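Just one chain follows, in the form predicted on its own, and it is written as C-alpha cells.
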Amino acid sequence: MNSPYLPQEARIIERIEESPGLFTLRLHFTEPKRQEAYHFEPGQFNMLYLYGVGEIPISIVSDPKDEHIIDHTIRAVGRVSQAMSRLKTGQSIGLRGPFGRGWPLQTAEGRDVVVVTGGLGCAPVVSVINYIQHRRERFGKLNIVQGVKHSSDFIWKERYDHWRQMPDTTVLLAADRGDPIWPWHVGRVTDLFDQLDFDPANVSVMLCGPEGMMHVVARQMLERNVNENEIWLSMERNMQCAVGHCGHCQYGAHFICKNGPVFSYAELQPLFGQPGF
C-alpha cells in the first residue's frame, strides 16, 4: 500500500496554457500499477510536489472514468505554482492523493443542479460540469452561473460556449465591471438568479468562490426554499499535510483537508461568517 505521506512520481504527458497565468498539467503515474489503482471523486484534490520547491493542494478536474490522465488546472500565484508553470511535457512531478470529500454527484442524479462560482477559483466545480456533461441523461436541468470582478477575468470562453450547447443547460455570466463590448450582465452574480430554471424541492446547489459570496448565495437559495442539506460549498484553507494532522486547515471541529473540502451548508452554518473562523 502506498503511504499517504509519500509523493509518487507522475509524468507530465501534456501541458495546456489555458490563459495568461493559468495552465493545466495532464499527469500519468510513472508506475503503471499505481495509475491502474488510482481512483478519485470530483471535488477531491491531490498534493502536487516539486522537488526542492514545495507542495501545494490542487483540485482534480479530469473525469474519474478516464483511467489514463489526471488533470490539474493551476494558477501561477505563489512560489510553488510559479515554479510548476515552468515545467514542460515529459518532466516529472510528485503526487499524493486523492484526499478529502468530493461533491455528492451520485445522490444528485435525477435532480436539477445549480453551479455558482465567484472569482477565478472555479476549478473545483469544473469537475462537476465535466462529470455531468459525460452523463447528461442522469441529471435534470443544469444551471451554470459564473461571476467575476471584471469581464477580462473570464478565462474559459470556449468552455462556456460549449456548455451552452448541452441540452437543458443554462449558462449565465456576470461581471462587476464590464468592457464596452461585454455582452453579458454587469453587476452581482445574484442578480441573475431570477433567470435560473430549477425545482427547489429537487435540486442540488454547488458553490465555489469567496466565502462571503457563498454565504450570500446560500441565503438566497434558502429563501427560494432549497433545503440547506442540498446546498454544497467547496471551502479553502491552508492545507499542508492533507490528512488532518497539522491543523493548518482546521475550521471549528472540522479539517478542510479531511472532512471537506466539500461541505453541506447545514454543516457549516453555525460557523459561517463568525470572526476567527
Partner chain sequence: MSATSHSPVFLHHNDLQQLLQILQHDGYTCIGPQVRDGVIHYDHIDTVEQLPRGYGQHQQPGHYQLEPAGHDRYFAWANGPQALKPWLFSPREALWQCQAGEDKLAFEQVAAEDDPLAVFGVRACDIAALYLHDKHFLQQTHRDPGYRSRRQNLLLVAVNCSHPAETCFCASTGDGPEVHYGHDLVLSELSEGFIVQAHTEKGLSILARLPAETASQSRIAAAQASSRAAAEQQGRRLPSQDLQAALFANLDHPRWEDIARRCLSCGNCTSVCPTCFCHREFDEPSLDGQTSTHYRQWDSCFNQGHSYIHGITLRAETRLRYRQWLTHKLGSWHQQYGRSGCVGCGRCISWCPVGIDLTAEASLICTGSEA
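Numbering follows the first chain given and starts at 1. Being a predicted model, the structure only gives us computed values, none of them experimental.
Quick note: we don't show the form predicted in complex with the partner chain, though the next part is all about it.
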property	result
Residue stretch of 59-67, 37-45, 214-222, 230-238 approaching the partner chain in the predicted bound form, non-hydrogen atom distance within 4.5 Å	230-238
is_contact(Val77, the partner chain) in the predicted bound form, heavy atom dist at most 4.5 Å	yes
Contact label in the predicted bound form: Lys258 to the partner chain, heavy atom within 4.5 Å	yes
Ile93: touches the partner chain in the predicted bound form, heavy atom cutoff 4.5 angstroms	yes
Contact of Glu14 with the partner chain in the predicted bound form (heavy atom, 4.5 Å)	no
Any residue of 49-75 that, in the predicted bound form, places a heavy atom within 4.5 Å of the partner chain	Tyr49, Tyr51, Gly52, Val53, Gly54, Glu55
